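Quick heads-up: it's one chain on its own, the form predicted on its own, in structure tokens.
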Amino acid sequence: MKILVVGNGGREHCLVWKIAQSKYVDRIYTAPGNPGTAEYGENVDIDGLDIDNLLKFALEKEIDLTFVGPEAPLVGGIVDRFQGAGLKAFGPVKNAAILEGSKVFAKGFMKKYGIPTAEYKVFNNAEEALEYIKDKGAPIVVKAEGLAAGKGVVVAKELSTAVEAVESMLIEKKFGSSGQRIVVEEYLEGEEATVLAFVDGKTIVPMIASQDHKQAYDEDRGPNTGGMGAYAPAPLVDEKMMEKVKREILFPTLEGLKSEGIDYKGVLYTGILIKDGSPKVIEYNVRFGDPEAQVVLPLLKTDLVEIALAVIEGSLSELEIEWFDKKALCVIMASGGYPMEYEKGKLISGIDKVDGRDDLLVFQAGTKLVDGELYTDGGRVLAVTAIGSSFMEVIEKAYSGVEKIYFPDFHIRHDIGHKALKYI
């Protein structure tokens, strides 16, 4: 089979790495890809949002299956276009991708179908939003409605932070059209986890749970980022909790989608918060998380291409999905200043010191190759992922990998995985 992967981040590098292990695959193209994906196939100089040229390329090359990594092309309707041209694409169609494309829709959907989530209110007027926030008090959460690359959520511990968030979204238009409406919701206490699931429109099969670390600094301090590291399986979501998540969240979500006439096929990401044994949904995403993919996919035993085909064909219930009995943990090496202002173009060294190992992987995200040398080209630059038999082992292994790699002013969190240790 000829495979096309759309995207250029760490998630896409991980997807390409996993797809390359499939017995079905002959050739992999990545558009636009990065220096990491180029090691497994051919990078194609087409932007992930250029659906017209992606479709043209897929038809010319007779691509058998396309994996769409990021959310923006999915929300833009790439799967509809590919299907309309008779091509197979793994991911939800446009009217299903609205679960991530509009937080207003997602919150209304959860309320309608009794899926546990935070209380909320929607605003497009800054004055009304500020009045509501001052009445409710802090802590409180402010979210831009649309896509904001993981940065459109402000968890405001102080009233002043919430006021700044409202002003930046509704008055200063920091997120453009994505911030024309905002969701203001109650602050939920508890511990966070991510449950990714394969969905074929009729069946929903959860993957092993993972835990992302969204705040920029240790001990969950600082602004939200796209994710500073993750680990799996998250012991917070044990067998009993997973059954509860399926019963109270995943199954009602699938039934709700069916009731709305939405044929959801692909990956559903459910971010949940757990307190006193009760899970509540923080957000839905409509694709593999990043960096969750970098710890979940290395533990997947079943052929990913086989799963994708079963999802597209609606035969997921006939497939047994297996997992390796291991732990995985990744530490994101970010540019100094991320998620705010940061510089690009810093020389990266040391990746060659960890290359070639099965238990320590470096997935490239914000990188570029210039005259044979690797340079930083984004906020999140590398995802250093360790695989092992215990959380202590993968924590030590991942951070030892980080120590071998260097670029000026790099920033990491030093406490990825520490929450897992309390369950030992």
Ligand code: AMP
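Since the model is a prediction, treat every value here as computed from it, not as a measurement. All residue numbers refer to positions in the sequence shown, first residue = 1.
There is also a form predicted together with this ligand; it is not shown, and the following applies to it.
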### One residue of I282, I133, A148, V93 in contact with this ligand, assessed in the predicted bound form (non-hydrogen atom, 4.5 angstroms)
I282
### Query
Using a 4.5 Å cut on heavy atoms, which of K214, R81, K346, K246 is close to this ligand in the predicted bound form?
K214
### Query
Does Y187 reach this ligand in the predicted bound form, with heavy atoms at most 4.5 Å apart?
yes
### Message
Using a 4.5 angstroms cut-off on non-hydrogen atoms, would D303 count as touching this ligand in the predicted bound form?
### Response
no
### Message
Quick check on K103: any heavy atom within 4.5 Å of this ligand in the predicted bound form?
### Response
yes
### Query
With the cut-off set at 4.5 Å between non-hydrogen atoms, does A310 touch this ligand in the predicted bound form?
no
### Query
Which one, 81-89, 349-357, 140-148, 232-240, holds residues whose non-hydrogen atoms are within 4.5 Å of this ligand in the predicted bound form?
140-148
### Query
Using a 4.5 Å cut-off on heavy atoms, which residues of 395-413 contact this ligand in the predicted bound form?
none
